[in-house]
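Shown here is one chain on its own, the form predicted on its own, set out as structure tokens.
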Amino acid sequence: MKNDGSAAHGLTRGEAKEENAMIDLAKELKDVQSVAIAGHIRPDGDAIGSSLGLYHYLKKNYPEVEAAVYLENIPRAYHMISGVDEVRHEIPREIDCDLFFCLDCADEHRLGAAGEFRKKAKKTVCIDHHISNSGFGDVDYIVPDASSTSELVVRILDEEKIPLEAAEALYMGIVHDTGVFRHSCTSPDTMEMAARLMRRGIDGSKIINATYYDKSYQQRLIHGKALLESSLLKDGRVIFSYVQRETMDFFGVDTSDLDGIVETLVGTYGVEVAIFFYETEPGVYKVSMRSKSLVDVSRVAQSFGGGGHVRAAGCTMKGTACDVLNLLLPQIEQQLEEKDRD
């Protein structure tokens, strides 16, 4: 299916978000010579996939446009995706950019150093699916019900012009934010966008296995330790685990090697909410939360300066591990009690 732009438009800053408002990519690229693409700090599969997917599409179909992707270091699990070696990790001192695509970033502060493009580019287009995104671009395409930003990028592309490299990256992004199409955010539209990419000739099984399931031996060890030391709370409805910095150092792993632990925890029988956090520096913890059907974890995360989705959210918190847990639990318990009364 082609996106002919007949009903597509962007939302300018200050307008109410309309979930079905779609940007016209050709219109946004008119008279543009330079494009910068960036996602959030500590990029995950969706941030990487949407960024590289759009990058490859522009390279193929808009060769007159100088496009570049700026992301922090990319975890090795994603290195099989074409274009990873072309990603730039340093922001240029002098920024002269016509158009900046901000992808999969709910808050401009989560752009990190790439936020300089937001300040200095002539125009910013924000494409995102986080419910906490209030819209900070000059043009916003924000659909909270979408499974992923990669899904939204597919929607604005002409299917017949999507090169294989772009299709692989975007499929990977959808796979990761849907938990291989298992999460509740997976909709018929999600499956249709995935089908569009599969029709471009990708090897879906290879992408899923290489970027989602395959783990190093060290990753298996740290995952096993996190599961072994997990605890059930609130009559088995909440499960939590955490990893200290010294433990990561002992196993020789970094933060990206912890991906997937919280998803495994929430899959425990009888559990409604999973909490997993790890120490990024002394007394600072990166928190990830997942829920099945009752608790809106984005509400909990937002109260601590974070954000995300109803069933998947996170934040950064300071204190001891006990402090973090004791601050999170009352809000989760309150929501569980509210649902029980209903």
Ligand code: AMP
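Counting begins at 1, following the sequence as shown. Just so it is clear, the structure is predicted and the values come from calculations on it, not from any experiment.
A second form of this protein, the form predicted in complex with this ligand, is not displayed here; the remarks below concern that form.
Visitor: Heavy atoms within 4.5 Å of this ligand in the predicted bound form: which stretch in 50-58, 28-36, 63-71, 312-320 meets that?
Guide: Contact criterion met by 312-320 only.
Visitor: Can you work out which of 106, 167, 239, 152 has a heavy atom no more than 4.5 Å from this ligand in the predicted bound form?
Guide: Filtering the options by heavy-atom distance leaves 106.
Visitor: Would you mind picking the one in 200, 223, 183, 110 that has a heavy atom within 4.5 Å of this ligand in the predicted bound form?
Guide: When this ligand is considered in the predicted bound form, the option within 4.5 Å is 110.
Visitor: Residue 45: heavy atom within 4.5 Å of this ligand in the predicted bound form?
Guide: Because no heavy atom of residue 45 falls inside 4.5 Å of this ligand in the predicted bound form, the answer is no.
Visitor: Can you check whether residue 291 is within 4.5 Å of this ligand in the predicted bound form, heavy atom basis?
Guide: Residue 291 lies outside the contact set for this ligand.
Visitor: Taking heavy atoms and a 4.5 Å cut-off, does residue 196 contact this ligand in the predicted bound form?
Guide: Judged by the heavy-atom cut-off of 4.5 Å, residue 196 is well away from this ligand in the predicted bound form.
Visitor: Answer for residue 130 alone: is it within 4.5 Å of this ligand in the predicted bound form, judged on heavy atom distances?
Guide: Residue 130: contacts this ligand in the predicted bound form.
Visitor: If we check this ligand in the predicted bound form, which of the residues in 28-55 reach within 4.5 angstroms of it by a non-hydrogen atom?
Guide: Sequence-ordered list has one entry, 40.
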